[in-house]
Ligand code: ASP
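Just the one chain here, the form predicted on its own, laid out as structure tokens.
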């Protein structure tokens, strides 16, 4: 069976008009594929609304909870009224039941004044559960056989609440067992993104933006031919269009390239989305719900490499650069390990590392919000070395950004770094630190926040995207 798994994000189910567009797209996909699975996010803004409700409940504000809860109910009621006729009452009853579940959970939080991660997962996953029921009913009213399924019955996860990971053998067994007969009968399952459940049945979430990951997990479990991520842009762009107005859609990307882009700030894909499809060799495509005829960006194992090509430039902001420096570090084993351990104890992510060949300094880039705790942890860990002056300083450069040029064509090509630093130098931008990943398809620069936009624009002048081949074009036509 040629199976297509599609995922529609929050903006793609954010209004009645968007859900109607989803129904039209699904009908077209069903005509072209043997089977189609639809994965949906919550209506745009609903997960944030649920978070506001539960946080308000935690503060003890019953009136505030009621106001927010009423607004959420009206939002879903109006969407149902616009979309449905024959199933309006039944779907409203289902959605009301889920909203009542939200109210009971929030009341428990309000009374106790305590909010556990387990309860937070149960509440924040309600948006997808409501959305799936509305979308499935809309498909049926458009003559498409469809049923809603909660991913809690399909995706089995560990118990790391708010950031759960799938247990793939169990997930494959449940998914194929439940959805195999449904697909064989010609029906389209509409499945909640973002959520799963432990082996014991406790609800979990995959982290914000996890609906992309849900689609990839289900695609891998069902051995889909392709996974398509529908969003509100035409594909993965060469840069953030808010920074570079003439940013272009990239026709094809390799898994390595898109992984680098996801890690370094590209907003189109959830960073963990790539892994399940990489392991199964499944192609992934990013498309636009509101411009469905556009072929989008196809992500495959490998693309034809264009020598020296930079495909995209991305940036990460609100960062700090921590530098541990001292002549006494030279040749002393374990300094780097202790530095990273001290940072890890503060649960701070290290986005980039750079070390001088002389071993006299180590630079780490971390989110700005963790800086004070990280510096305190480093000073405690390295107190003896600071007292002996083996380490002279632990310094901080606030308000920095990481700018990353990505492209598999950079691998093993001489002169790429020269071109990157040349255009940055011509723009009179000072580079504070540099790093190149082991994949050799990314070069990262640390610059001041004030220079970040100019640096992205300068490097973007070097981008080049290939013309998509007939082989890659075929699945969309």
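Positions refer to the first chain, counted from 1. All values reported here derive from a predicted model rather than from experimental measurement.
FYI, the form predicted in complex with this ligand isn't displayed, but the following is about it.
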query: 4.5 Å heavy atom contact, residue 42 and this ligand in the predicted complex; finding: yes
query: Proximity of residue 47 to this ligand in the predicted complex, heavy atoms at 4.5 Å; finding: yes
query: 4.5 Å heavy atom contact, residue 345 and this ligand in the predicted complex; finding: no
query: Close approach of residue 211 to this ligand in the predicted complex, 4.5 Å, heavy atom; finding: yes
query: Segment that reaches this ligand in the predicted complex - one of 161 to 169, 79 to 87, 203 to 211, 174 to 182, heavy atoms within 4.5 Å; finding: 203 to 211
query: Residues from 158 to 194 in contact with this ligand (non-hydrogen atom within 4.5 Å) in the predicted complex; finding: 194
